[in-house]
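Only one chain is given next, in structure tokens, and it is the form predicted on its own.
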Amino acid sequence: MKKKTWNTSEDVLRLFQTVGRASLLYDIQDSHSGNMAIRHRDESGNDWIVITSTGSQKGDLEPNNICFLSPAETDFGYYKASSETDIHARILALEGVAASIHAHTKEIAVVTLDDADKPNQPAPFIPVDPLGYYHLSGVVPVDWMAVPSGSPEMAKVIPERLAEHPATVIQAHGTFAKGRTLKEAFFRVCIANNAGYVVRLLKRLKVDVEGLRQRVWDSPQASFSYPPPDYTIDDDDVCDFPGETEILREFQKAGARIFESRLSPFHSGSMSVRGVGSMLYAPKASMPREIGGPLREVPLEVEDGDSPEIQVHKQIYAASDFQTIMHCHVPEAEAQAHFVYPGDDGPLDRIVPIDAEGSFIHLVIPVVPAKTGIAELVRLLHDYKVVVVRGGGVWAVGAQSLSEALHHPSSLREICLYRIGAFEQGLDLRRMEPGKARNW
């Protein structure tokens, strides 16, 4: 096979650039960290490993930062390619894998640290949030490496881990993930980092994380509302209503804000707008501006084959006059839903703002168990416009626009951040909560 030049096609370059910029926005890379790789067949039918060059800025990739390497020739050590190219080549050789990412996922890196004598085998990471539990198959392996960057040991262990798991962590270094596409691999590292962040928040709130993990492990069905939809590929450019330019723009703006404001990890959550006999539906609500996601028009009536996620949208519309619905996985709200006031026996059933802006918008926000029925959810949405489901995300509604629904999870995140910060300082949250909230 003739050696390919370092120039890349426009489509491959754009894919790497958009995912690279999104990873920087989501703060799972520093300016030069990490690497991305895909298997690619060119227009002549030649197969290549395409990988970012060593030390390249993932948020500002140029054509000469994308390297094409032969999967059959021993040229992985070429000076321009990533120092971890041999690791990615072995990941890409796994059955069904066409993409891989290494990201400096700080949140999960921090919660998987230990101070044990080395060498040792760190404990695996067990997610306690629904996205992490279901999309990462319930467990993320963690390994300590004597040389945690580009070593032969990593080239052996990481592909072995990824043969059995969607993602794996190298202690004090970050996460490697596999995917059928680069966006799926990116989705998995975002989910892993979010799962680590939820656990970090729980620990800051002095929640019994190990007890929660045991309950999740014993009965995930009771701990979570339902499994989130499987990640889909090759549908991100689908739009069933391209002529509806105004509402299309609203979906794009809301999706970008969900991602950029960390209201839900990449391509998670959902949102919809009611029509006469149908609804416009975004099944991957958290959408970076350059990547987007599928936009569907579906019947309002529940149909055979509907996922639990889309069924909730349809059931809420059937029992209400709301015009828009948004479902996000706000990590701060997930952690706050498990918070136990000192002296109480169980987690709170309402989140009370202690900040001025939050109190102006929401006097209280209800928190309900994972298996709360639609009738109760709709009743609370009528009264409060936003509800936190413990183990099930945040549901919000609007009477007119997606922007109206978006305001609720956005405000909720800040409300939770204020509460977490106050608790960390040893302040008494009950004393800080407005007295009128007790009767609301």
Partner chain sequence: MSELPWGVHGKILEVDLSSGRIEEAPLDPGQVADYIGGRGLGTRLLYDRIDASCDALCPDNVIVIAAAPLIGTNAPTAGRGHMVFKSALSGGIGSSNCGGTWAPAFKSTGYDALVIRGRAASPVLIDIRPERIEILPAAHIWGKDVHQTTEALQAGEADRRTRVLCIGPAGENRVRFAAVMNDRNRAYGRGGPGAVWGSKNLKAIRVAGQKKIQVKDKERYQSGLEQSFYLLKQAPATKRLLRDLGTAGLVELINLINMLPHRNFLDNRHRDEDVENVSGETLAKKLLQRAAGCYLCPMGCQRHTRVGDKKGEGPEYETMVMIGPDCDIYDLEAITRVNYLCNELGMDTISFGGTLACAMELFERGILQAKDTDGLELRFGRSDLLDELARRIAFRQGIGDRLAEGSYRLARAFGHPEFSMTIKKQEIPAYDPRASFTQALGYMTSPTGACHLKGGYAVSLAFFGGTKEIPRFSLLQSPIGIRNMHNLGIIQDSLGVCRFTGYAFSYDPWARMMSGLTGLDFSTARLEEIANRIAAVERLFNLAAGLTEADDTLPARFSREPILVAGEERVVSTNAVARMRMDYYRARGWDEQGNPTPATLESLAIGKRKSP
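Just so it is clear, the structure is predicted and the values come from calculations on it, not from any experiment. Positions refer to the first chain, counted from 1.
FYI, the form predicted together with the partner chain isn't displayed, but the following is about it.
Asks: I need to confirm a contact call. Of 200, 173, 90, 274, which residue comes within 4.5 Å of the partner chain in the model of the complex, counting heavy atoms only?
Replies: Flagged contact: 274.
Asks: To verify the annotation, which of these, 315, 223, 151, 323, has a non-hydrogen atom within 4.5 Å of the partner chain in the model of the complex?
Replies: The residue from 315, 223, 151, 323 that makes the contact is 323.
Asks: Quick one: does residue 374 come within 4.5 Å of the partner chain in the model of the complex, counting heavy atoms only?
Replies: Taking the distances in the model of the complex, the answer for residue 374 is no, it never comes within 4.5 Å of the partner chain.
Asks: According to a 4.5 angstroms non-hydrogen atom cut-off, is residue 401 in contact with the partner chain in the model of the complex?
Replies: Yes, residue 401 lies within 4.5 Å of the partner chain in the model of the complex.
Asks: Classify residue 383 as contacting or not contacting the partner chain in the model of the complex by the rule of any non-hydrogen atom within 4.5 angstroms, answering yes or no.
Replies: Yes - in the model of the complex, heavy atoms of residue 383 and the partner chain come within 4.5 Å of each other.
Asks: So in the model of the complex, does residue 236 come within 4.5 Å of the partner chain, heavy atom to heavy atom?
Replies: The answer is no: residue 236 has no heavy atom within 4.5 Å of the partner chain.
Asks: Tell me which stretch of 331 to 339, 353 to 361, 306 to 314, 210 to 218 has a heavy atom within 4.5 angstroms of the partner chain in the model of the complex.
Replies: Heavy-atom contact with the partner occurs in 353 to 361.
Asks: Taking 246, 280 and 407 together, does each of them reach the partner chain in the model of the complex with some heavy atom inside 4.5 Å?
Replies: Every residue of the spot touches the partner chain in the model of the complex.
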